[in-house]
Every structure is written in structure tokens, then in C-alpha cells.
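One chain comes next, on its own, written as C-alpha cells: the form predicted alone.
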């Protein structure tokens, strides 16, 4: 059963957003990835959120640039966690997207990642799902141990 929906605001955003998918693949979590714009295809965005509610999606990851407010629009309609990924684009290099994603009104939160931080979005989605899945929680512990070992191995090569 798909538990995560990844939505990119345009096809040019897919390369960055695929990093979230790679993390979900690594943890064996089924997901769907699609494209929809809060501004250019608002009806499609709304339909995707309604479909996500009916399909028991647990987390939505939404990525957009240039102050596009995809994650906020989704969070206004979706009752479960929404993770926003501001994407680097335009003259402000993603700072506009970062601010529009994180500056949500009280009552409509969006967990906001760093600019182009889709890998962390995938990890946070896994952590959210792990709150009710002990095996997944153990996989996160193993993932972090593996990261720690990689740092130690790189350090040893410096000597």
C-alpha cells in the first residue's frame, strides 16, 4: 500500500524530488510521484489531495520553487503531515520558496526542509511512518549507524 505521495510542481523539479523517492525505496516504502502546480493546475492539486485522503496516504512531500505555495495549499486540505521542499530557482535561488513554505499561518503547519532538501524530506517521512512501525524504526537506527560508520571510514583514510 502506498503511504507517501510526492508531488513536484513541474517536471523540471523531478530531478531534485527523486531524491526523496530514493530514500523511500531504500526503506522499502511504497510511494507515488506525480506533478501538479498549485497555481497552474489547482483543480488537479485538489483532486490529488482528495485521492490521497481516500487511499490512506500518511505523508505528502511537496516540492516547488519561485515562491510557489504547493505545500501550503496541500496542507490546507490534507489532515496529515505535509513536508515542503523549497526548490532552488529564479533570481532569489530558492529563498523565496523557502520563506513561502515555512511561513504558514497557525493551524496549517508544513514541515519545511532546506532548499533542495528532498533527501531529508524522504527521511522525515520514514521517521513519521516509523512512529507506528517498530521494524521501520529499527531500519532508521541501522541507517544512522551506517552513516556514522561511513564518516569514521573516511576519517581513517586521512591518516
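Keep in mind that this is a model prediction, so the values were computed, not measured. Numbering follows the first chain given and starts at 1.
Omitted from view is the form predicted in complex with another copy of the chain, to which the following refers.
Although the partner is absent here, residue 49 lies well away from another copy of the chain in the predicted bound form, with no heavy atom inside 4.5 Å. Of the heavy atoms in residue 29, none are within 4.5 Å of another copy of the chain in the predicted bound form. For residue 158, a non-hydrogen atom is located within 4.5 Å of another copy of the chain in the predicted bound form, even though that partner is not displayed. For the chain shown alone, residue 16 is not a contact residue for another copy of the chain in the predicted bound form, no non-hydrogen atom being within 4.5 angstroms. If you take 102-118 and check each residue for a heavy atom within 4.5 Å of another copy of the chain in the predicted bound form, you get 102, 103, 104, 105, 106, 107, 108, 109, 110, 111, 112, 113, 114, 115, 116, in sequence order.
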